[in-house]
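First, one chain by itself in structure tokens, the form predicted on its own.
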């Protein structure tokens, strides 16, 4: 039995995110790896799979993936394919790709063709939240259920899916409670600690993740010293961050990361699944409509100012509730969906008086150090 608890346990899991999955695999559990926020973990869990989030590796030079993907494509998804080609995910019983973006789509098809997991499914995710798109997505979720049922060794039941919905809604509630501890100044949890927790709970069974979250919440609620007061209280928006080398660099420059809107963070946990009579309806609405990401187009509302407020008001609420005095836009190079959104989001924040720093980075720890002076200057400007 592992004796580490709370933040120490999260740090341990973060260092080797696939280790627990390999242990469970050795015990006879089936492991399902998935891309991005859109494949519902509830369906995997209801069919006896342990879902784990597939990540890249900022410390690993991309070599193998260059034979399959152009270098002008998103570095994160190139890294995912690269580490998979090198055997990092050879233990998966099921791979679930998704059309989160063009990069995710390409990797999904290449994975199916060359890595050949025992079960491989591509989830077609519409790019709008219209009623017809939600109906289409609901059908796709049923296809996912059918495909996983063939290889899971379990018979699907509505009751098991409803229980999985409750389990993950509890996890989302715990994540929100943890983030709320950073509303005070100084915050109780550093951005690096938060990232380790988020990566960890995406790579272990939900029950273990919930226990870990409860331990972390108790630990940090009673700690006497947290990250300490710094010049900036920032919100991070944009491409995901999955390596604490990035968050530590930001923090070392005098900035506290108190809240985020990224896919390894609030975006994956901020909204619940409604417990509907047909659980697939609740799942389709939650994953396609309630998750707010630039990859999903929403109808334009009124004037440009009204449209921006309709699209980004949730960010203004976050900035106010977490007392943010600066926003960092993290863009992984060639991440088109976030890159195209920058002018609109930047204008929105600047109109409400919050300064913005935009950096396009290469998803490589060796390329981080030159960014230090930019974060230092930003901290001085807002401090």
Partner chain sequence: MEQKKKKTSSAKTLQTAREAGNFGKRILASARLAAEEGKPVAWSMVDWWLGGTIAKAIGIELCYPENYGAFCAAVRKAEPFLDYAENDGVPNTTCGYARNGIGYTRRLKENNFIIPEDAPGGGMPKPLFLLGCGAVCDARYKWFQSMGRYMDVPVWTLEFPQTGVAEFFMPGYKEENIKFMVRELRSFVEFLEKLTGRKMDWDNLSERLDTTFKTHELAHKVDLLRKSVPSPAVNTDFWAIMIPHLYLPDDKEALAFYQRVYEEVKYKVDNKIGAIPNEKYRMAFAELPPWHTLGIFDEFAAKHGIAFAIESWNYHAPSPLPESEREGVNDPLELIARYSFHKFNEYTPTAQLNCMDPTIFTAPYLKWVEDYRIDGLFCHPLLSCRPATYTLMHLRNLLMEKCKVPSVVVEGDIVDLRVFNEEEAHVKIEAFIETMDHYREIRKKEGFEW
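This one's a predicted model, so the numbers in the text were calculated from it and none came from an experiment. Numbering follows the first chain given and starts at 1.
The following text describes the form predicted in complex with its partner chain, which does not appear among the structures shown.
ask   = Heavy atom within 4.5 Å of its partner chain in the model of the complex: which of 245, 167, 110, 285?
value = It is 110 that has a heavy atom within 4.5 Å of the partner.
Only one of 128, 151, 276, 211 has a non-hydrogen atom within 4.5 angstroms of its partner chain in the model of the complex; which is it? None of the others qualify; the residue that does is 128.
_Taking its partner chain as it sits in the model of the complex, is residue 206 near enough to touch it, meaning that at least one heavy atom pair lies within 4.5 angstroms?_
Taking the distances in the model of the complex, the answer for residue 206 is no, it never comes within 4.5 Å of its partner chain.
Contact with its partner chain in the model of the complex for residue 334, defined as at least one heavy atom pair within 4.5 Å: yes or no? Residue 334 belongs to the contact set for its partner chain.
Item to check | Partner proximity in the model of the complex: residue 120 to its partner chain, non-hydrogen atom cutoff 4.5 Å | outcome: Residue-level check for residue 120: yes, a contact with its partner chain.
- [ ] Spell out, yes or no, whether the shortest heavy atom distance between residue 69 and its partner chain in the model of the complex is within 4.5 Å.
- [x] Flag for residue 69 set to yes.
* Quick one: which of 170-178, 255-263, 302-310, 217-225 gets within 4.5 Å of its partner chain in the model of the complex, going by heavy atoms? -> The contacting stretch here is 302-310.
Using a 4.5 Å heavy atom cutoff, which residues in 92-115 contact its partner chain in the model of the complex? It's fine if the answer is none.
If the 4.5 Å heavy-atom criterion is applied to its partner chain in the model of the complex, 92-115 yields 99, 101, 102, 103, 105, 106, 109, 110, 112, 113, 114.
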